[in-house]
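A single chain comes next, written as structure tokens; it is the form predicted on its own.
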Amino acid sequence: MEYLPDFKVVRPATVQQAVAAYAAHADARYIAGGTDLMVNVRRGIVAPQTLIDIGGVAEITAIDAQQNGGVRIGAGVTLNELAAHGLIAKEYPAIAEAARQVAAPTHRQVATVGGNLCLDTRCLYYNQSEWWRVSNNYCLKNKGEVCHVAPSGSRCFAAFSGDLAPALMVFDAEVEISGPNGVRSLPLSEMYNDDGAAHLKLEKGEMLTAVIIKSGDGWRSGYAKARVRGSIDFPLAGVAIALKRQGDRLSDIRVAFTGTNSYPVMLRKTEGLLQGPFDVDALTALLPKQITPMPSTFYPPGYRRKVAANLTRALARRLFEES
């Protein structure tokens, strides 16, 4: 790790103050738990001159039940708080399970919902020390001109590895975003680009302030992931599933993935699974054309593709067979 560069810390008390602080500093970054950003600062990947610490912004730290049966989750809620929340654990098990599986307990004490959703994409050519990156002439995501994962391509294939995004997406989550032009909302799935170097559709100065999810009534849900070290690592592949059962048939199913693409993937064309008895093989047959692991980790793409399929098969069976 490199020595920390000099930087200024600003601690706003409100979202409005945070957005104003960003506008007042040319090279600023928002920070809450810092479990992702500060590692990149120590590696010399980024060097913001100003850090806007939003950890003291009380208006983004609550979990509130909505009158329509949904829930509003502040972006500053920690992963420990999310995993332990009674309503989340009862109505949205996939979300609680995903939060519990992020990194290690000490990380989850400070890491936040917003930070996990805005997690930087990862690649074995990017998340390295400065001398290692220099020896490879950097990469397309950082100072270089070539994506070493796909040298003949024109974009970055670093993988998105946040655990919460797929678990929230299966509940049709929307995000609330605040910035210089006010507040806007959009589906969580639409906040991401299919580009590892520019994977977030956030304008300069914008910050994620909340996630709104619909009622979890009637849905059986869960989250499963595979990683090298079960106590800390990012997912090689992760899957969230929410389904509804009617007799021996599915009445609805939603499946989303992380760790396989440059953005969290919502599985498409699942309507055909609802026309007969539940067929888990038909479900996993949808994966090959929609999830596209690349050689961005030390584990080969083919292995990660098989892992994603096996996780999906096992989790879908468990949820379908639950009494």
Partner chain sequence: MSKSMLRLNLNGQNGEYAVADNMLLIDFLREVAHLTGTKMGCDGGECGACTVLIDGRPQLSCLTLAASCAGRHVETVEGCAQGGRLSRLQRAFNEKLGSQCGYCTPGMIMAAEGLLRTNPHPTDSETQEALGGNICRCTGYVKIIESVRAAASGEPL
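Bear in mind that the values here come from a model prediction, so they are computed numbers and not experimental data. Residue numbers count along the first chain shown, from 1.
A second form of this protein, the form predicted in complex with the partner chain, is not displayed here; the remarks below concern that form.
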Exercise. Out of the stretches listed (246-254, 207-215, 184-192, 100-108), which one is close to the partner chain in the predicted bound form, meaning heavy atoms within 4.5 Å?
Worked result: 100-108
For this session: Using heavy atoms only and a 4.5 Å cut-off, determine which of V39, A285, V46, A62 is in contact with the partner chain in the predicted bound form.
Result: V39
Problem set entry | R305, H25, R313, R11 - the one with a heavy atom within 4.5 Å of the partner chain in the predicted bound form | R11
Exercise. Should K90 be classed as touching the partner chain in the predicted bound form when contacts are defined as heavy atoms within 4.5 Å?
Worked result: no
For this session: Decide whether S135 counts as a contact residue for the partner chain in the predicted bound form under a heavy atom distance cut-off of 4.5 Å.
Result: no
For this session: Check whether I232 has any heavy atom within 4.5 Å of a heavy atom of the partner chain in the predicted bound form, and answer yes or no.
Result: yes
Exercise. Using heavy atoms and a 4.5 Å limit, would one call T35 a contact residue for the partner chain in the predicted bound form?
Worked result: yes
Problem set entry | Interface residues of 252-288 toward the partner chain, as seen in the predicted bound form [heavy atoms, 4.5 Å] | none
